[in-house]
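In the block that follows, a single chain appears as structure tokens, in the form predicted alone.
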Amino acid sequence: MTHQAIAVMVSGRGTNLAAILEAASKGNCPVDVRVVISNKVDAPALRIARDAGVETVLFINPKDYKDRDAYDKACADVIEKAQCQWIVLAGYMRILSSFFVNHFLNRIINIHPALLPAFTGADGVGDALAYGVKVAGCTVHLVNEEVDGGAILAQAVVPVLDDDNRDSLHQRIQAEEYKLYPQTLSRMVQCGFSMHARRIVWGKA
């Protein structure tokens, strides 16, 4: 298993995947994207991965499997065959099974468009705006069995402007995501980290 090797799981446009691939191609993020898996056959992220020359790019159809565990076992088999150390979620819109989370414990990374632990769930941007916060942002975190509940690796903050709507705020958060995700992955493979309860300490792996 190669410490820099990652699998990326996607469902949609693939903008965070594109940011990671671009950073890697420029030498700013020393990861080796070996696998991209999507649960959606028409996900634009699949084309992005193929165009970038990713070795294994797969649509794995959830309907071909009897349950969530069976589907996640199929994904895990692909990831293990490619000897990936890390699993990176980039707009992956399925809840992972307990099997998958525990099989790759502390090796699954996600990014969420809010400053966790606030505003978990599907609409972190809209929920933050509706609450009236003055700052919003994004969080890179480890994945556990609680939705958006894993230990925090990194965060970036953006101001909430008086004339913001959901789309304008989301665009500024996404701009930070495209920087923060590759930066965090780079730090992860170069420095490592250790966990003290929920606290991540960098460079102590």
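Remember, it's a predicted structure, so these values are computed and weren't measured experimentally. Don't overthink the numbering: it's just position in the shown sequence, from 1.
Beyond the structure shown, there is the form predicted together with a small molecule, which is absent from this document and is the topic of what follows.
Contact with the small molecule in the predicted complex, judged by any heavy atom within 4.5 Å, is made by just one of I111, I87, C75, L96: I111. For the options Q174, Q155, T56, N39, the one in contact with the small molecule in the predicted complex, meaning a heavy atom within 4.5 Å, is Q174. Proximity of T184 to the small molecule in the predicted complex: non-hydrogen atoms within 4.5 Å are absent; the residue sits far from the partner. At a distance threshold of 4.5 angstroms between non-hydrogen atoms, G121 is in contact with the small molecule in the predicted complex. Put simply, H170 is close to the small molecule in the predicted complex: some heavy atom of it is within 4.5 Å. Although the partner is absent here, G91 sits close enough that one of its heavy atoms falls within 4.5 Å of the small molecule in the predicted complex. In short, of 98-106, 75-83, 113-121, 126-134 it is 113-121 that has heavy atoms within 4.5 Å of the small molecule in the predicted complex.
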